[in-house]
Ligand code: FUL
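Single chain ahead, by itself, as structure tokens, in the form predicted on its own.
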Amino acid sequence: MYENMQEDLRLIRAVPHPRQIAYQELEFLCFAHFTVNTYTGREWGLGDEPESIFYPAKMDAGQWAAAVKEGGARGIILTCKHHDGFCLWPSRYTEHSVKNSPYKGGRGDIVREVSDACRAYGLKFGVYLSPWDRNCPLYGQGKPYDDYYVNQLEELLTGYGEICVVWLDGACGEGPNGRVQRYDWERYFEVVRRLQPGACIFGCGPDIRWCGNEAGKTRPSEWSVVPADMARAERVAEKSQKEDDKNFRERGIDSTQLDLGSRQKLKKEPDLIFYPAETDLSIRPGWFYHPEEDGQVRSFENLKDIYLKTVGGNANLLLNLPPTPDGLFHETDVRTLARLGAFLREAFADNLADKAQLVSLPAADQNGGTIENVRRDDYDAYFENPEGERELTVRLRWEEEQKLEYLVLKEQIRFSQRVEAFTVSYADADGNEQEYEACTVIGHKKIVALNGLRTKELIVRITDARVAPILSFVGVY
């Protein structure tokens, strides 16, 4: 028992930085992949495209922001520069930029327009800056290219207000004469931390990890506490994305990677980090707009299922909406996203837990508080089980039978991720307890679909946790 307690104390030492908590609380954001590829039909540009082809004649960042807001997302991440090296802002360090396009007579700045629109609509703004640049002749020369990359990173981090995330992938190809660039990740991280200390670094960075696929699939147990080596592994070029590889984008999670954070998995790991997951996928087969895919937009039902399994499975959701050559989100994409937003507003509008009597065992927490603390959906109120007590039962009772669709649970992740197993049960018409579903982890958020279950009593029973569970929120809808 003492050995188990010591091991669990080690596991819960990995806690999130406030920037990670803030990013997890966003839950759902949208990607916008936009560059010369939008006009050439490619997914990966070659870097030799003429700047003159970039001309979004009807560009309206307000339309983007309005669609994202209506869809229930809380921010936009813009591909400020993809692998082709074309910059959507007038960078001082290259001519391969919007400044040499016909858009607004060379005086346009897409990054400025999107960042301003995000602020006007109350959305967060993030930047994607590809480390691979197929246009830059310095690529593959080591420090000279790193200097170039850092200069552009500094432009984005100092000229466009608050940045919530810097999104990095590990794509790494050959430069002139077959030379490959070895990215100076630590230098890039230092620049972000210095200029935007509140920004998370995704993917090849230390804050948010890639879930492992681009198909919207999540693990049954999505752990945020994982081996520290995972952050370093993400920076290996061989594990980076592949061009036009549908099998890569849609592959499920490899069985060898299915368990990232169980007690058994972490037992021999010397260093642990809090490294939560993000699931990125596109609303269309490709990341950039292609007119031939207009009939292949994901359905509302598919997006709804993905949302419930990602945001409801302890992962952020990043959904790509690629602008058309005119500079607008396509009406089909907007309409489908709007249906998702309407569903989210309706499904989670009325918290039936507000009308329920709450009873817990144990009745009092470590600090003398009661289970009433979990009614508030924030991290400032929570129920902390007495140390060493790994089990917690919460009963929600109503005077009249209720029709239940969703159970929402949150841990107080400031104290790490602890819950390893829980069950959801209900009282049948005769008052007998019936188990509905057995689940594993919770983390920032767990959504359990109850599918119209009718009952007067719902029982959440945490059956195993590290040291002691700490619940932040219980909601029923």
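Just so you know, these numbers come straight off a predicted model, no measurement behind them. The first residue of the sequence shown is number 1, and the count goes up from there.
Note that the form predicted in complex with the named molecule isn't included here; everything after this is about it.
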Legend entry - Contact label in the model of the complex: His83 to the named molecule, heavy atom within 4.5 Å: yes
Inset, instruction - Flag Tyr160 as yes or no: does it have a non-hydrogen atom within 4.5 angstroms of any non-hydrogen atom of the named molecule in the model of the complex? - result: no
Legend entry - Partner proximity in the model of the complex: Tyr382 to the named molecule, non-hydrogen atom cutoff 4.5 Å: no
Inset, instruction - Answer with yes or no whether Phe415 is in contact with the named molecule in the model of the complex, where contact means some heavy atom within 4.5 Å. - result: no
Legend entry - Contact segment among 262 to 270, 333 to 341, 167 to 175, 190 to 198, judged by heavy atoms lying within 4.5 Å of the named molecule in the model of the complex: 167 to 175
Legend entry - Interface residue in the model of the complex among Trp44, Phe28, Tyr39, Tyr436, criterion: non-hydrogen atom within 4.5 angstroms of the named molecule: Trp44
Legend entry - Candidate from Tyr93, Trp287, Phe300, Trp398 lying within 4.5 Å of the named molecule in the model of the complex - any heavy atom: Trp287
Inset, instruction - Let me know which residues along 105 to 128 have a heavy atom within 4.5 Å of the named molecule in the model of the complex, or say none if there are none. - result: Tyr128
